[in-house]
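Just one chain follows, in the form predicted on its own, and it is written as structure tokens.
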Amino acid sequence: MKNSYNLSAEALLELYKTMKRIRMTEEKIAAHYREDNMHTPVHLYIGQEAIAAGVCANLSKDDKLFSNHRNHGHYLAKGGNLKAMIAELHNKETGCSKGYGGSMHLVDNNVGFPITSSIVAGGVPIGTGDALAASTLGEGRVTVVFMGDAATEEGVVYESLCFAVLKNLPVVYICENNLYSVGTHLLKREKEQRVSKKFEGILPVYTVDGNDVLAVYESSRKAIEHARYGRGPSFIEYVTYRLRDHHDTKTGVEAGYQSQEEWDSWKEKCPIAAFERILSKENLIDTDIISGIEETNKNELNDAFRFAEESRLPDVGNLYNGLFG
């Protein structure tokens, strides 16, 4: 395929597979959530898959990623263990946080996914501190910190960005601007719809179409290389839209804060459907390939849910393990 990113057919197909895997995982969670076996809030990532897939395709296992409450896509794109994730959502001892963390506290140290903070902007200073450690120890790795548009309204984000610039840290800040803080539209909270404008003059900032996986891949590649080779931090705002409610399985239209017209317009911009059209046009994908990918995902997801259902709940005797005070 001829493209300005010089990506192989295999690499392009991997981006597609990652997005499909995230989407199908989230849809399976949504389909089973009301069965009351998952006693944890879930913040679904449906509609934003291109961002996690495009960014994480540029990261190694040694690079660290710090996420937020809407972390399922980040976890999977970084290589997190699916069975451990689904078991965690079922609060089982085989979960990635031993069943105590739930959906908002996924972790997989084997792939550079060390901690998730459910506090709005909570992961930003933690990730900045990790980048300081990497720089001090000369580890040659990059830290990526994900946040939502509402997180940019927290003071700790300004403090972290300024500190990262002062210390020339190898960190990339990723803002997924899905336009809503819970149910409040960005323009009801701020004058500017481009949140990255607030940080101009502090560090390099970029605003990119978050539903275009190739644009995400290329912009994040440049920022990650910029950080990896000692040129300091960057801030990328990816404009996107979540197609489900803030912390439930319905849509924002059903919840009463998104208009049907707005939702429909963003549904037409689905990142997976858009990339599928590109790959199809270049003869890199067809219905048989798509069916094969979907069948693989279905089997993997069925195994993961079966594993979660068959796993034990945590032993009450271990309730206070890992606590310090």
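One-based numbering along the sequence shown. If you're wondering where the values come from, they're calculated on a predicted model, not measured in any experiment.
A second form of this protein, the form predicted in complex with a small molecule, is not displayed here; the remarks below concern that form.
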* **Contact label in the predicted complex: Ala151 to the small molecule, heavy atom within 4.5 Å** => yes
* Any of the heavy atoms of Ile119 lying within 4.5 Å of the small molecule in the predicted complex? -> yes
* **Non-hydrogen atom contact Arg70 with the small molecule in the predicted complex at 4.5 angstroms** => yes
* Asked: Is there a non-hydrogen atom of His226 within 4.5 angstroms of a non-hydrogen atom of the small molecule in the predicted complex?
  -> no
* With the small molecule left out of view, which of Thr207, Asn81, Asn91, Ser181 would have a heavy atom within 4.5 Å of it in the predicted complex? -> Ser181
* **Partner-contacting position among Lys98, His246, Lys198, His105 - heavy atom within 4.5 Å of the small molecule in the predicted complex** => His246
* One stretch from 251-259, 210-218, 142-150, 164-172 that, in the predicted complex, holds residues within 4.5 Å of the small molecule by heavy atom -> 142-150
